[in-house]
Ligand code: UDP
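Quick heads-up: it's one chain on its own, the form predicted alone, in structure tokens.
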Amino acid sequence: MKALITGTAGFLGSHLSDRLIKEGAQVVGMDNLITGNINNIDHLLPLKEFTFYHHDVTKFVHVPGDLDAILHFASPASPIDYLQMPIQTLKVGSLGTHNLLGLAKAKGAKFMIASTSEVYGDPLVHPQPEEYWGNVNPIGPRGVYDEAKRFQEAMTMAYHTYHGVDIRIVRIFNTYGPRMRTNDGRALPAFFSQAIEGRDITVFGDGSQTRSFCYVDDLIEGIYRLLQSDYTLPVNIGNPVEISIKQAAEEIVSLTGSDSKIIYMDLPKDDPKIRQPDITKAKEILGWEPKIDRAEGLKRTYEYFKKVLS
């Protein structure tokens, strides 16, 4: 298989590139590096199985030769990123998706998009099944990301319906692990960085809001199984074990042995109060569920952050 992976230098894109190469694929990686880190793919650059293009997918995309699959994982994915780069976030979800769907149609390639649990917004249904349409503020500060991903799903489904493009839609829930940026702005990277450096740990709101954290190796396994399947509707991939943000902060303080104090700050506008995937479809269709428990996943992630911050 020859696959194009956009956002290849990002957290998930780099792990996905590793996995496809391990499975015997030729990988063409593409990234404009506005949030990706070339260090994430340094180990891939010398390989004959990997080719890298420094390119913005919102511009015309050309890849010579055949392509069997296109996996569109390019996008700012952290609130600090898409609040600073709202236009780029909207463009990569719309123009970038359109460009890549055109390429998939021309090449006869399978097309997968990295959608997100954010399509559910601040949900009124809990846990969130794929049939739930969401509760999203389209003009709020998070709307640039939420609506870019919702449009991305709609455009992808339209190309499937009207042009027969073979599609996969993975709705990714909170994921963590090695290669996350220390200044990512999301909860776990922030907590690890603050704890390791002895700074106060900042929890937004009262910390009662919940998330469901999936270790990256489990997530990549689910994505790979979906890619290999013939299922064309959205599938949630995430860990259904739900914890509060306050509990996550306390676990990281305990794990790191830090003297950091937990302090509380105002909750950002439209920040989801609950988040938990219903993974019934992933279990039934893909035979997938997470295997790595949070204690082990946090330990592996801590080792990574210690190295990066040392």
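Values in this document were obtained by computation on a predicted structure and should not be read as measured data. Throughout, we count residues from 1 along the sequence that is shown.
Another form exists, predicted in complex with the ligand; not displayed. Remarks below refer to it.
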Thinking of the ligand in the model of the complex, which stretch from 228-236, 106-114, 202-210, 161-169 has heavy atoms inside 4.5 Å of it?
-> 202-210
May I ask whether 36, 72 and 88 all come within 4.5 angstroms of the ligand in the model of the complex, judged by heavy atoms?
-> no
Can you check whether residue 120 is within 4.5 Å of the ligand in the model of the complex, heavy atom basis?
-> no
Is residue 220 close enough to the ligand in the model of the complex to count, meaning some heavy atom within 4.5 Å?
-> no
Using heavy atoms and a 4.5 Å limit, would one call residue 63 a contact residue for the ligand in the model of the complex?
-> no
Contact test in the model of the complex: residue 102 vs the ligand, heavy atoms, 4.5 Å | no
Taking 4.5 Å between heavy atoms as the contact cutoff, choose which of 49, 271, 242, 250 touches the ligand in the model of the complex.
-> 271
As a check of understanding, the residue in 98, 186, 181, 126 with any heavy atom within 4.5 Å of the ligand in the model of the complex should be identified as 186
Residues of stretch 157-180 in contact with the ligand in the model of the complex (4.5 Å, non-hydrogen atom) = 174
